[in-house]
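What follows is one chain in structure tokens, specifically the form predicted on its own.
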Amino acid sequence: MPDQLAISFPHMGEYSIVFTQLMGHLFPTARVFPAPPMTQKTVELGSRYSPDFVCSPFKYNLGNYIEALEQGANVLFQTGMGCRYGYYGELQEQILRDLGYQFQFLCLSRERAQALALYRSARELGCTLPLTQMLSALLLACESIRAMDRYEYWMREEMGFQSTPGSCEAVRKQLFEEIAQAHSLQDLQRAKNRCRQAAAAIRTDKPPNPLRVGIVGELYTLMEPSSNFFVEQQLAKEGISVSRVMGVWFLLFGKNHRQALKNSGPYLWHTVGANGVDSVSQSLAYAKKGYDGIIHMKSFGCIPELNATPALMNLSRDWNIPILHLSFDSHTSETGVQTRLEAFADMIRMKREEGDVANSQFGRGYRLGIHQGRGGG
């Protein structure tokens, strides 16, 4: 065990704020820091040492680890999900050791993500807090995630209509800074109250019935905006209200696989792995609510989301709702994604204004990778 723990972990959106908070409470003498901000260098490092056809979250994470180790990290954390991602930790650890790095690796996936295993891992790493204090730190982290996800859900729906650009982001930044400094549920509650007041003061010019788009897909690509070229912000610039249910709070407490399969209606009868069923059930919910379109995002080669795609195509046809499928890897062009988003926004805007658009427009949409119900096979 090193003299001082230097704990780090990969990015996934802004949730590193909460993990930093939690680790700081559990290991008060440790140096706790997330990996450096995501850049093109991060992608290049991860891609250089990753298997060619592995999905992009693996490459992003590996790049995060290398940069964190270069900044002095000696303990790395990894968490698993319900797909191949849950098996990546061992391979990433071996790659890093082959590169000559010395560190302790805690992969909290599968059976190691269970409560007793987590408790033992914390003790082995040197946490000396009583169990009650450990539980208090965990409760604070969970409530912080809920506060973050609730505000971001509201912000996605409203930021396209703020009268003063950057208003929603400024309140978000304030909330996240206060969450990072919170030491108790009382601190967190005060932060939430200030956030509500600040959000209520934001002036918006939102029409009564704005264009609405729902976003579904693979969790990492949805929650790490640098991996999807900030799709949600680009949609907001088009004057579109965005909805995305999937986040860490949903993953921890809202996910109900059996109910999601039931809510997928006639489009999916069996599990397809990870969050593929959620993508279908949430898309059907958006269609029933009259949303103007759906964006389905995933990393290249994500098998669960590939399995869900035929069901989404059938749903698009039956409900006459356009679905834009976006697949990302380390070679994806930001300009190409932006062009497709602009075309998609134009399509749903014309569909709203004119009803069913001409066949030539549907054909253009298909060339761009858009599945439009009743418009193409």
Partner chain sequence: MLENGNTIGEPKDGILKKQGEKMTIGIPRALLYYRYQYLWKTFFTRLGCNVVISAPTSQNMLARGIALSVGECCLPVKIFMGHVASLLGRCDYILIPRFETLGKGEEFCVRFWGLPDIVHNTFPDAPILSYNLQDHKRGSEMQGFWQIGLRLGKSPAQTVAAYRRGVQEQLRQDCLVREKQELLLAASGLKVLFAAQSYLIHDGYVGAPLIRMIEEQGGVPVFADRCDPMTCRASAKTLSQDLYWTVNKEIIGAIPLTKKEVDGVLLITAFPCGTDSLVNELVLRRVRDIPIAQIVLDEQQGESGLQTRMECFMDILSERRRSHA
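Nothing here was measured: the structure is a model prediction, and the numbers come from that model. Positions refer to the first chain, counted from 1.
Below, we turn to the form predicted together with the partner chain, even though it does not appear here.
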Contact assignment for the partner chain in the predicted complex, among Gly126, Gly301, Gly239, Gly166, heavy atom within 4.5 Å: Gly301
Contacting member of Ala345, Leu69, Ala30, Val54, with respect to the partner chain in the predicted complex [4.5 Å, heavy atom]: Val54
Complete contact of Cys83, His270 and Leu306 with the partner chain in the predicted complex (any heavy atom, 4.5 Å): yes
Residue stretch of 306 to 314, 330 to 338, 345 to 353, 38 to 46 approaching the partner chain in the predicted complex, non-hydrogen atom distance within 4.5 Å: 306 to 314
Phe230, heavy atom within 4.5 angstroms of the partner chain in the predicted complex: no
4.5 Å heavy atom contact, Ser109 to the partner chain in the predicted complex: yes
4.5 angstroms heavy atom contact with the partner chain in the predicted complex for Ile95: yes
4.5 angstroms heavy atom contact with the partner chain in the predicted complex for Phe58: yes
Interface residues of 120 to 144 toward the partner chain, as seen in the predicted complex [heavy atoms, 4.5 Å]: none
